[in-house]
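What follows is a pair of forms of the same protein chain, given separately as structure tokens and numbered structure 1 and structure 2.
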Structure 1
Amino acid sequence: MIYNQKPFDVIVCGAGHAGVEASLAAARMGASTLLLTGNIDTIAQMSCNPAIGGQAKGQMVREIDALGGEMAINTDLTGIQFRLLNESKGPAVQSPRAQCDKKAYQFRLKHTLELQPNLQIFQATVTGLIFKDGKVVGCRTNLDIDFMGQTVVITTGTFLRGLMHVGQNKNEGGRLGDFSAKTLSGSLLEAGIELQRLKTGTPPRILGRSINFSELEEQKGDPEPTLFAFHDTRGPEDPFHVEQTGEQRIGWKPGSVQVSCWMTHTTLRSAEIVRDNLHKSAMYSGEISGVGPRYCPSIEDKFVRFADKPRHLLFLEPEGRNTNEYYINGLSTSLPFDIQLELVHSIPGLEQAQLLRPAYAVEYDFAPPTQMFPSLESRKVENLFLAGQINGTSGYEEAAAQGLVAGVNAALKARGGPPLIIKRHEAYIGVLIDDLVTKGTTEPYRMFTSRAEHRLLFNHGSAELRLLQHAKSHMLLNNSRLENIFAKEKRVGYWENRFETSTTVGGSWANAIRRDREAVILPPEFAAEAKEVREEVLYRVAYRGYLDRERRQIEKFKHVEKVRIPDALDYLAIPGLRRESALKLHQLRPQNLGQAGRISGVNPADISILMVLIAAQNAEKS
């Protein structure tokens, strides 16, 4: 039966970190939105590490907040430890990270979804898509209930034909205790979407009272926590109390009563246990065909690939304030349970540790992301959007960023508007999506600062200002917050200009700051500005030469981004174009010369040929 007589504007299939951002974004834009999930009780579940942020990821979460997303504020209000990574380095690569209360994070986000106007949540497993005339028009569920929608966003995470491995033991599921979406893959293949396999893993969880903390090194949170959300531009409303219903949302004052994490390491005995049992590991025995994450390797990978290292660091991280469960960060494995137990007991401080949950590897289907447009709409099926691990990424933050963009663009497509396209010189989100759709990935993709050639422009405090025009043009923030951001931008510009043009002893204020920031006594009225304004001004002034160089480079290459490639261009028939390049271009169909130049295997000579050809075609038309 069909549930809805009038199609939803947007249907989101999957309620992980991509799905919640997609559904909230669409609903907040006024689109009638349906969120389908196989289990409402695991909405926004932190299946792996209960942490948000880290290198480049922290900046990306601030960008999500700048575009009206929920991850940042949800993290701040359920965080139990906050740390600023790379604090001793330049501000451009400083990255906020927070340990969250796993259940509080999940429950608060579920409650947020339940209270969101224009959004309906329904528990059902999506078993297939409904197509008509080359477009997706709805989806089928395991309850024999069909839902019709103008657009559909797929955010299935690791659940597409998910298969979990603990040694030789196999169980179907996207994570421990949950189901596997077995039939949706067939529907995607039927539509002509290519699927491949990837693998990821998670460490064992242990009982806190069985840990000998005297053997561990304590890691406390920062006394002055760096938060993720831009609280300075938000209104004074209570983030916990819901005015319309009188309900109280879970959470606490950001940065209050932080908990400690703990550090330990593997031993020579640990290495011996792993090496002696590699043949029993699902990853090394050939049981798993999917490729694992290079930058978050299993403990088996660490001892094989880095055999010269005598030990590897491990971090014990609490899963919440009201649980005694700990996560062993760095000990991901697919070894059999008895070997896992022996391995854990070889680690200082964990000699008597009790395992609550075994480590496991999960293998799942993903759709190579070069099959998408930069809007995250499928090239094969109109009105179908994909976001998160189905696109080959790894991490909550990468998933949430894609989910937000896919949700916005699904809503825009439903109302006939132009898509939101974030360019790679504007944000880490732009780098993420551009890398996926132009380069693709053969392993779980993780964001790093080194992936962004213009990362000096991406300091985490500037995200609201960098993305302000996108937020305004697509109405992603309320008017009050937009006004506050414009006012903030004005104050930053005022002080930046004043420091560059006003003089003090020995020259301009700006030059004095660049010579020795700590020795400069700044005007008292500047000290009265909000901390966020002061930090952004000092960053721009101190690094002005570097930032100007980045902007000149962007301008230099901007013209190739504007040269649009005709959709019907026959690359295979272009004289002089190398065969390898022609095949890559024919397969990926870049929209402009800038994208074409970033495709692996396409060189500058190929771009020159395309440029001459397009210029000649344009001249003929005129």
Structure 2
Amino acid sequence: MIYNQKPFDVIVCGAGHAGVEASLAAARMGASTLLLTGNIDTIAQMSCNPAIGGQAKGQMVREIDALGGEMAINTDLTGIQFRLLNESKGPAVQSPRAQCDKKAYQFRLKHTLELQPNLQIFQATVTGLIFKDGKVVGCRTNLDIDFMGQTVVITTGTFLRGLMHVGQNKNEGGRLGDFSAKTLSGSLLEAGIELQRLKTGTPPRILGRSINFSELEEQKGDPEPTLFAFHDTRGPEDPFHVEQTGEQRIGWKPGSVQVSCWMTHTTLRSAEIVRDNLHKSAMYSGEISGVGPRYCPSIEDKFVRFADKPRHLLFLEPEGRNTNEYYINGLSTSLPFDIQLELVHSIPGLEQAQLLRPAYAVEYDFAPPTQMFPSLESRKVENLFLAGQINGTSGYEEAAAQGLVAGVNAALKARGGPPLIIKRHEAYIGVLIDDLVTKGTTEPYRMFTSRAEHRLLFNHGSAELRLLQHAKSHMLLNNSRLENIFAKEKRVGYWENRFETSTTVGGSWANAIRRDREAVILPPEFAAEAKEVREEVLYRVAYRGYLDRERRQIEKFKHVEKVRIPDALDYLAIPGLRRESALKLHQLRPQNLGQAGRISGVNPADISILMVLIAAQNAEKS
């Protein structure tokens, strides 16, 4: 049966970290939105470790907050341990990270979705898409109910033909205990979307009561947590989408006890066990064809590739306050269960550990992301958007960021407006999407600060200011918060200017701060400013030289970013364009000259030729 005659504006398939942000963003923009998930009880599940943030990802979560997303506030409300990473480095590469209560994280998000106006949730597995005239118009489900939508956002994570391996044992599914979405792959292929395989893995989970903590080193949270959401610009009346009253609004409160993580390490015995059993590992016996990430090697990889390293560090992360389950971060493997058991028992503190769930590797389909526009809409099928792991990324934060952008753009597409495109120089989210659509990826793509050319501009505290114009032009935040951010921007600008222009003993305030920030006694009015304002001002003043250099660089390339390449341009017929470049451009079809220039193998002369051609075509038209 067909469920609805009047199509939804946006249908989101999958309620992982991408799907949740996509559906919230669309609904908050006023689009009538449907979220389909195979299992309502696993909404926003952390399939891997129970932590949000960390290097580059933490900054990205704050960017999500700046664009009206939910991940940051949800982490603040359900976090059980907070740490600011990289305190010894410059402020731009300091990143907040939090351990979350896994179930609390899910329940709060589920509740948020339930209370979200314009959003309907329904439990059904999407089995295929419905196309009409080369566009997607809805989806089919396992219940034989068809849902019609103007746009469809696919956020199915690792569920597309997911295949899990524990040694030689294979199970279909995207996550232990869940099913696999098989027929949807067929639907995408039918629409001409190319699919490839990737793999990733997770470590075993163990019972806390069976851990001997006395042997282990403790890792505590920071006494003063760094939160993800910008609480300074939220008014007291600002709805949190889930009613929480008064002080209880933040789950973690100063003075309340944070939960600790524990550190241990592999032993020589562990190395021996792994080496003796390599042939039984799914990844080493050739069972798995997908490509795994370089940065998240299995324990097999670690012992093989870094054979001279005597031990590898492991972190035991609690999965929540109301559970005794621990995640062994660092021990991902696809060895058979009996070997896993032996391996775990070779680790100090885990001699008696009980396994609750085995480690496994999962292989799944992804759609190489160069098949999308920067709006995350498919180039092959109009009105179809893709976000998250299906695009070849890894990580909750990367997924959420894409989900948010895809949700906003699906809503805009349904309404008929220009898409939200975040530039590389504005945010990690911009780098993420630009890398995906212009370069693609051959391993699960994870964000690193070093992927950003201008990371010094991406300090986590500036996310709201950097993305303010986008938030405003698409009304992604409510008015009071927008006003507060504008006010904050003003304050920051005021102090920046005042420090540069007014003097104290021995020169301008700014120079004094740059010489020795600790030694300067700042004006009392400054001390009265909000912490967020103070920190941003001091950062901008102290690193002014660097930040200016970055801005000059950006300025230089801005004009090429603005030159749009006509959609129908036939690269193969352009005189003077080198064949190699023409083929690449033809295949990747960049949208502007800036993107074209970032494609490897396309050189400046090719860009010059395109520039002349486009100018000539534009002049001819007018």
Partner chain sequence: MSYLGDTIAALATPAGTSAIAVVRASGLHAADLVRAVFGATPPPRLAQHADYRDRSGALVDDVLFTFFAGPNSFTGEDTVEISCHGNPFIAQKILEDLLARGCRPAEAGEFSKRAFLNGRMDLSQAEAVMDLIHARSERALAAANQQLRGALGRQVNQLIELLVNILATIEAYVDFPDEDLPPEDLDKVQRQLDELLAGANRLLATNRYGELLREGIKTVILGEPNAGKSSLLNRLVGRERALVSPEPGTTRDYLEERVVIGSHWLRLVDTAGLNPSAASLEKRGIDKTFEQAAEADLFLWVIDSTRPLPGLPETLAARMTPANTIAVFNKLDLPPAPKGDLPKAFPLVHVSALQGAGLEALQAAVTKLAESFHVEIGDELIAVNARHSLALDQAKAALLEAKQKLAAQEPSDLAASDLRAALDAFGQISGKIDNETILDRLFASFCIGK
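Just so it is clear, the structure is predicted and the values come from calculations on it, not from any experiment. Between two forms, the rigid core is the largest collection of C-alphas that superpose within 1.5 Å. Sequence positions of structure 1, starting at 1, serve as the residue numbers.
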Pick the form predicted alone out of these two and give me its number. 1
Chain position at the hinge linking the two rigid parts, options K556, A512, R578, T267, forms compared between the two structures: K556
Please state how many degrees the smaller rigid part turns against the larger between the two structures. 12
Following rigid core superposition, Cα shift of A616 between the two structures in Å: 4.2
Hey, core superposed, how many Å does I607 shift at the CA between the two structures? 2.6
